[in-house]
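Just one chain is shown here, as structure tokens, and it is the form predicted alone.
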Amino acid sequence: MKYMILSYASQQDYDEMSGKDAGRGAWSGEELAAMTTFMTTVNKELEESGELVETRGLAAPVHTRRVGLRDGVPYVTDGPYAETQEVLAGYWIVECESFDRALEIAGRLGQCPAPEGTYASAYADIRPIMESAADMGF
């Protein structure tokens, strides 16, 4: 079965990773390199095991636009994101033998190195991907 592992971050996280001090201190080049190396390693492990279907990181929330419909007319706003509000930062689609294995993979991703305290409240969501409407169960 396929699962989507969703990771989250805030604009503050993106700013700090890009070298800006947004309240907790900017990441150093070495810290960013450690994160990138870790993610590359885990992605390669998932490719080699045949479990990785796709993975992508998303641009910082500041580049987001929200489209809605008001009185039948589409409207667009800049991202409504406050400094500390977490948004989807990236995802992995994995195909593995069980939900427990997907949880293991998410746990491994949670071991990504980062400056102390950065990921203190980090989390990931794991959701099964339905292959058809019949899988929805209703």
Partner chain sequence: MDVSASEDLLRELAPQVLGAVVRRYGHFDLAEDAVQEALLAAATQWPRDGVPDDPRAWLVTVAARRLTDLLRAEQARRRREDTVAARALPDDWLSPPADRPAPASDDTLVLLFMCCHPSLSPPSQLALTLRAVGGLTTAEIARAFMVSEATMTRRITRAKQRVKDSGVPFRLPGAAERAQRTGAVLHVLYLIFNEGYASTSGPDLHRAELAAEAIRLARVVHRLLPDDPEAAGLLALMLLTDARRPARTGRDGALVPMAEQDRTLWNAAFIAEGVELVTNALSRGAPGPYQLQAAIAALHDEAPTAEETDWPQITALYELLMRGTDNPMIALNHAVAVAMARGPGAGLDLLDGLAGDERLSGDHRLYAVRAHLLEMSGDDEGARTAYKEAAERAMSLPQQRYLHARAARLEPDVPDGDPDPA
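The shown structure was predicted, so the numbers you read here are calculated from the model rather than taken from an experiment. Positions refer to the first chain, counted from 1.
Quick note: we don't show the form predicted in complex with the partner chain, though the next part is all about it.
What is the one choice in Val87, Leu32, Met39, Leu103 with a heavy atom within 4.5 Å of the partner chain in the predicted complex?
-> Answer to the contact question: Leu32.
Among the candidate residues Gly117, Gly23, Pro128, Gly19, which is the single one with a non-hydrogen atom no more than 4.5 Å from the partner chain in the predicted complex?
-> Selected residue: Gly19.
Answer for Ala59 alone: is it within 4.5 Å of the partner chain in the predicted complex, judged on heavy atom distances?
-> Residue-level check for Ala59: yes, a contact with the partner chain.
Counting only non-hydrogen atoms and a 4.5 angstroms cut-off, does Val53 reach the partner chain in the predicted complex?
-> The answer is yes: Val53 has a heavy atom within 4.5 Å of the partner chain.
In the predicted complex, does Trp92 have a heavy atom within 4.5 Å of the partner chain?
-> No.
Find out whether any non-hydrogen atom of Ser28 is located within 4.5 angstroms of the partner chain in the predicted complex, and reply yes or no.
-> Ser28 belongs to the contact set for the partner chain.
Which of 109 to 117, 41 to 49, 95 to 103, 70 to 78 sits within 4.5 Å of the partner chain in the predicted complex, heavy atom basis = Among the listed stretches, the partner-contacting one is 41 to 49.
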